[in-house]
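Presented as structure tokens, the chain that follows is alone, the form predicted alone.
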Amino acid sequence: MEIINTELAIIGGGTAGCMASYEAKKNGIESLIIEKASTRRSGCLAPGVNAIYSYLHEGERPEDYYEFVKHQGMGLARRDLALSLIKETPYAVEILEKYGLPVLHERQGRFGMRIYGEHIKPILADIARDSTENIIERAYPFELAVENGEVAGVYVYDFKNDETFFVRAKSVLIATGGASGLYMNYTVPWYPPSNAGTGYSLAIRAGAEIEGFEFRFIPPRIKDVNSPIGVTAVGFRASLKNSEGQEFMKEKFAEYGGEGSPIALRAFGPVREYAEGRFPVYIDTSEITDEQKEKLLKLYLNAWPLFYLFINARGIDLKERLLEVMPCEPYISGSHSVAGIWINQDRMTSIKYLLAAGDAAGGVPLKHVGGALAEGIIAARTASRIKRANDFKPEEKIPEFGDYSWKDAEERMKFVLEHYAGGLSRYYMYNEQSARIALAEVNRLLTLKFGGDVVRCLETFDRLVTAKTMLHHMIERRETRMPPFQMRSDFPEWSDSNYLLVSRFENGEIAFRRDYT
């Protein structure tokens, strides 16, 4: 088996990974990127983005940002992580601008900087290619090597050549995306369908600590096209209305900020209207000016071009026809909710020399693109300070495949999670009995060996590991803390408890501790 030596092995050629390679080079260390697809058009930034969120504008304090994310997390946000990341985003934007990203230097939303971001991913790929000659694409990292509590490298399956190699590194950065495809989706997925929770799975199986996995991310979306509504509802003050014309967010969630409520409640509001029969739910853009309408369409064109095609194909005029809204299927996403790998302020996980950043790392809700850029930078600086000898000798390993259809396994997992673990059809509610039924079935699926397309087999396994951990967290939290992200029918009272659940698997058993924020 071939062994490749490097100083920093970066798993994932997305936002955090590409920026980490830049900072690694600047700090004098060699890096290597392992990417499942192509760095130019992979991950959640592939379609573009209209702003760098988590950007600290002149005159604002890091503490202001922390208060913002704490509000969005309904009190659950890691102060140490929020304060450290927000300081780095202006620096990250400078780098992107130097590489040709059009930055408008205009505020968007509370902590956003407007950009023309349809080419941001190719620009990030250019940054990575200028920073390292070692970018290995179409390769799947399938197991971390950990010895004496220290990460030594990662086993990688090269599916172009059907062979395995090992990357031995002084440190390893998990910079993968979150987990899509866990639940049945009612329309096009909001999140990249290839994001399989691989980084979570690698960390979980290696024994790293995981936090907040009970808090799934369920964004309110434009129905049928699954595009975001936040920029419309918050940025343009467009209100949500039920079928009776009631502005229910303003009336029922005034104490949380009305239309500016935390994102979980902006999803929960429509869910309750649906559950109580006052559907459809709409977002009312009829009062926006012509200038606002044009600006709004440009924002969508930069961030979600499918929406632009959708309204043109259906002949929708935003000033004349209300857009229908509904929440979508749940995801696990560290850049949106607090779910992810536990990290310290240096972005080190509970395993020595194993780092995590961006979607892979938890603790700060709605850190978005800016947070991923900043965490990639911080992680690379940490890696540059690591001085160690690593003479780990890997053993021969190859992924195990079988003859059970990966597709059948995924369909079964989605069905079970949908119906027993708080899917859309259950208005996102679950209880202990239902979650344990889902857990038993996920455990059964994990005993199978999958066959078919090798990448899909590996992705299915990673999704199941992610789902298993999520279910353990959902069962352990015996309260309703953040509806509908985490909402129990057997413990329906809303709680304001201020701890994050942190878990760790060891010898097949899961142990929990509580980190108070």
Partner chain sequence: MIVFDLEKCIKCRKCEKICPTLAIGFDEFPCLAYPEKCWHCCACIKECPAEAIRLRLPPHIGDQRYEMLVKDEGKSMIFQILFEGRKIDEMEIQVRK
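Positions refer to the first chain, counted from 1. None of these values were measured; they are calculated from a predicted model.
Unshown form predicted in complex with the partner chain; subsequent notes refer to it.
Not one of 274, 446 and 490 places a heavy atom within 4.5 Å of the partner chain in the predicted complex. In summary, the region of this chain contacting the partner chain in the predicted complex, judged by heavy atoms within 4.5 Å and restricted to 467-475, 52-60, 453-461, 66-74, corresponds to 453-461.
Within this chain, residue 246 is remote from the site of the partner chain in the predicted complex, having no heavy atom within 4.5 Å. In the predicted complex, the partner chain sits beyond 4.5 Å of every heavy atom of residue 416. Using a 4.5 angstroms threshold between heavy atoms, residue 123 counts as touching the partner chain in the predicted complex. Contact between residue 289 and the partner chain in the predicted complex is not found at the 4.5 Å heavy atom cutoff. Among 111, 142, 166, 304, the residue placing a heavy atom within 4.5 Å of the partner chain in the predicted complex is 304. Checked against the partner chain in the predicted complex, the candidates 224, 400, 106, 317 yield a single residue with a heavy atom inside 4.5 Å, and that residue is 224. The partner is not shown here, but in the predicted complex the stretch 162-198 reaches within 4.5 angstroms of the partner chain through a heavy atom at 186, 187, 188, 189, 190, 191, 192, 193, 194.
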